[in-house]
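Below sits a lone chain in structure tokens, taken as the form predicted on its own.
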Amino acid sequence: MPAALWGEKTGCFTNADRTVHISHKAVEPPGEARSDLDIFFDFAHRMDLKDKDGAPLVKWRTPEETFEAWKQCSKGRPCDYSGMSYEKLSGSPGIQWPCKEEYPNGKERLYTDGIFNTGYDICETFGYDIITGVERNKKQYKANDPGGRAVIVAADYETPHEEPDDKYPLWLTTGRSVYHFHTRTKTGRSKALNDAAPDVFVEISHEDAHSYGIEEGDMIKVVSRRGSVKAPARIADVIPGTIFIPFHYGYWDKDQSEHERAANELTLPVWDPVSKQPHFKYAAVNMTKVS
């Protein structure tokens, strides 16, 4: 099921600031690629999906018809799109939800009246215990109904799952380089970007470089309780006792036997109980200079 890219299909997307934009199809998708919406329609038809009355579950056939259905679905909810249309979106730089009779051109800012969407009667989920991840139910939420007030969730400080010690005396933190995105499956194929940052590196402080006898470009090995990375040193203005490794590099474009490259292999097999976000950002490590 090869899917078309954004310039090969028509549809809307919403930014994090609630601005809805329309993107019109510019070119035909290549080969057998189709828009994800067409794939969705085809799947619903082949599965013979029905509603409770026995009619086809999916009753729309074009991106605009689908948008009209979404407008009805969102009407009366906090993210109300009912006042939008393909025509209005095509003639504007974007429209923010809610967009309805009261705000025909969208509402720039939410909660200006001090009332939040926290009442138990309009909520669809009721939050979690942020320490255990246990989901709260409607009855529990109603017992302490915020009634339109903002909810501030607090928790006691908990120490990291792992901290530096005598064997692993340094903090590792991972992150991005300006030249690459995630695992470089696209940026790694761009010659200009790949030439700018072709391989993994380790940034260390001037103080740690002096203590460990490391100079710019020396090959060093960083080891945690779970894995290792071998890379040239970059001496930079980072906090003493902390080293930085970008997580973009792995093995899809390199022979794994060449050297260890994947920073996330050093990090912890732990995740946040609510968001399920893995703890990829820190670990306790040691560092040695290698030939």
Partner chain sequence: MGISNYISYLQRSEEELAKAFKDVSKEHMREPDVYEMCRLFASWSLDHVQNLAAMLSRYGKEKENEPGQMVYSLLGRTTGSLGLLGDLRLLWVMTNEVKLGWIILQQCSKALQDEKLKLACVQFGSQTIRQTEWLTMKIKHSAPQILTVPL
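Numbering follows the first chain given and starts at 1. Since we're looking at a predicted model, the values are computed, not measured.
Missing here is the form predicted in complex with the partner chain; even so, the following discussion is about that form.
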With the cut-off set at 4.5 Å between non-hydrogen atoms, does Gly133 touch the partner chain in the model of the complex?
yes
With the cut-off set at 4.5 Å between non-hydrogen atoms, does Trp271 touch the partner chain in the model of the complex?
yes
Does any part of Arg149 reach within 4.5 Å of the partner chain in the model of the complex? Heavy atoms only, please.
no
Would Asp145 count as touching the partner chain in the model of the complex under a 4.5 Å heavy atom rule?
no
Look at the stretches 186-194, 72-80, 154-162, 115-123 and give the one with heavy atoms within 4.5 Å of the partner chain in the model of the complex.
154-162
Of the options Asp129, Glu203, Asp218, Asp199, which one has a non-hydrogen atom that comes within 4.5 Å of the partner chain in the model of the complex?
Asp129
